[in-house]
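Only one chain is given next, in structure tokens, and it is the form predicted alone.
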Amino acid sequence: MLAVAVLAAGKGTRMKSSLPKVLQPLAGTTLVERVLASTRSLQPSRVLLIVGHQAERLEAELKQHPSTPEFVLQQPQNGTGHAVQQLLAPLGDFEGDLLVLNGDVPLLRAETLEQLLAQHRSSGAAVTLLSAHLQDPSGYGRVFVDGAGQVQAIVEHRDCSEEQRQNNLINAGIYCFHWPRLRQVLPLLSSDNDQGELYLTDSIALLKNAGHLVVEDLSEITGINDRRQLAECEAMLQERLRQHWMKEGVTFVDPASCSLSEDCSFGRDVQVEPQTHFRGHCQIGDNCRIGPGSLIENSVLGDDVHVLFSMLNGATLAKGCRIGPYAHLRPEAELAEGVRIGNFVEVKKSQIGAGSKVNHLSYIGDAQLGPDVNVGAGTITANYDGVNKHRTVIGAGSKTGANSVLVAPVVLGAGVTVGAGSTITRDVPDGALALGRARQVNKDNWQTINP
């Protein structure tokens, strides 16, 4: 059996934020959610989140999380040893292993945790910890091992002698304990140190049988204490994601200028142009060309879709659609195969049939367009009466002239033509020409009469 405990009680004062540090976003997902996600493949029987600062807010944010964590309050916060002491009651009769993680170390790979757990169990150690060799170990606790590679002690940087500080093997702060043995020594921890806190690291010397696993990729153990470190982790995560998708057949013309989320998926031969960003859950088909200068959020794009200098949010596009430049597709925009959405067009909560075109300066909201509809420049579906939204329906093969206004609710049949500059307020039957504009009046000699 395995229990996972995530330390998330700290204030994070160096972030200078009203938001708890572990709720800061990284590539669209909070730090603590990333830590929790890294444990999913381990299939723990218990997941415990040790909270303190803004505990209520953390619980509110995470109570619907798939891992369904148990919340354990640490109050006051008196060090990592004190935090894990709070588990004595909730894990009182637990007989398995305990994995201890930090809520502000978000780049750990699941594979690394799997390796740590496997080594811990095969060795029979009381504790196995992650370690790393750093060129500059300043600020980190040092790990001291014997000739057999067994950990003898961990000494915090501030408590190290000058000689001890020459050791560059550091403690990454990630532990796998045999809980029954840890449970016996937790009450023995002492606060006799420079910080006056209870260090979880002191349990290593008390447990005697301790091993360690050296992490090769140092990005995995990067902790976040301030905005600078948050930005550094964002850069590392983005590079990791781009490298993955380039190996899968995606071209990034200027990788450093693009960003994406872990919930994105791409087909083969996708080309991502500079200054293009993907947010949330995005699914991009084969042979798409996205950008430059585009934002795709929570959207699904079929094969062979082109998006140029445009914004998509919650949109679904079928094969062969062409979008932009400067188009805005809002939630529930659903485009069938071969639809063309052009310059300065906004589409919201509308279904547009195959082969239809909305090429210029138009707003299509709460509408249903059949196939092969041609929407003239400046056409507006006036969907809001000041209180409620209403739908516009346009039949197959219809076309609207420039600067038309369709005042919903209204239905245009198939093959309808709307004259330029018309305001349509009534339904139009199939095949009809609809005109709704004032008669033109010319005043002769106007400039002479009104100089």
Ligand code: UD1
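Each form is matched to the other, and the largest set of C-alpha atoms that superpose within 1.5 Å is called the rigid core. Small disclaimer: the values here were computed from a predicted structure and weren't measured. Numbers for residues come from their place in the sequence shown, where the first is 1.
Absent from the display: the form predicted together with this ligand. The rest refers to it.
Looking at 102-110, 276-284, 338-346, 240-248, which lies within 4.5 angstroms of this ligand in the model of the complex, counting heavy atoms? That would be stretch 102-110.
Classify Ser350 as contacting or not contacting this ligand in the model of the complex by the rule of any non-hydrogen atom within 4.5 angstroms, answering yes or no. Contact with this ligand, no.
Although the partner isn't part of this model, could you tell me whether Gly173 comes within 4.5 Å of this ligand in the model of the complex, counting any heavy atom of the residue? Although this ligand is absent here, Gly173 would touch it in the model of the complex, with heavy atoms inside 4.5 Å.
Does Leu312 reach this ligand in the model of the complex, with heavy atoms at most 4.5 Å apart? Leu312: no, not in contact with this ligand in the model of the complex.
Taking this ligand as it sits in the model of the complex, is Val272 in contact with it (heavy atom to heavy atom, 4.5 Å or less)? Heavy-atom contact with this ligand at 4.5 Å: absent for Val272.
Can we say Lys357, Asn383 and Gly419 each have a non-hydrogen atom within 4.5 Å of this ligand in the model of the complex? Negative, none of the three is within 4.5 Å.
Considering Gly79, Gly376, Gly211, Gly302, which brings a non-hydrogen atom within 4.5 Å of this ligand in the model of the complex? Of the listed residues, the single hit is Gly79.
Go through Glu114, Glu332, Asp226, Glu156 and name the one with a heavy atom inside 4.5 Å of this ligand in the model of the complex. Of the candidates Glu114, Glu332, Asp226, Glu156, Glu156 is the one lying within 4.5 Å of this ligand in the model of the complex.
What residues of 139-153, in sequence order, lie within 4.5 Å of this ligand in the model of the complex by heavy atom? Read in sequence order, the residues that approach this ligand (within 4.5 Å, in the model of the complex) are Tyr140, Gly141.
When the two forms are laid on each other by their rigid core, does Val155 show a Cα shift of 2 Å or more between the shown form and the other one? It does shift by 2 Å or more.
Gly249 C-alpha moves between the shown form and the other one by 2 Å or more, core aligned: Where the cores coincide, Gly249 shows only a C-alpha shift between the shown form and the other one that is less than 2 Å.
On a core-based superposition, does Asn168 travel 2 Å or more at its Cα between the shown form and the other one? Asn168: C-alpha displaced by 2 Å or more between the shown form and the other one.
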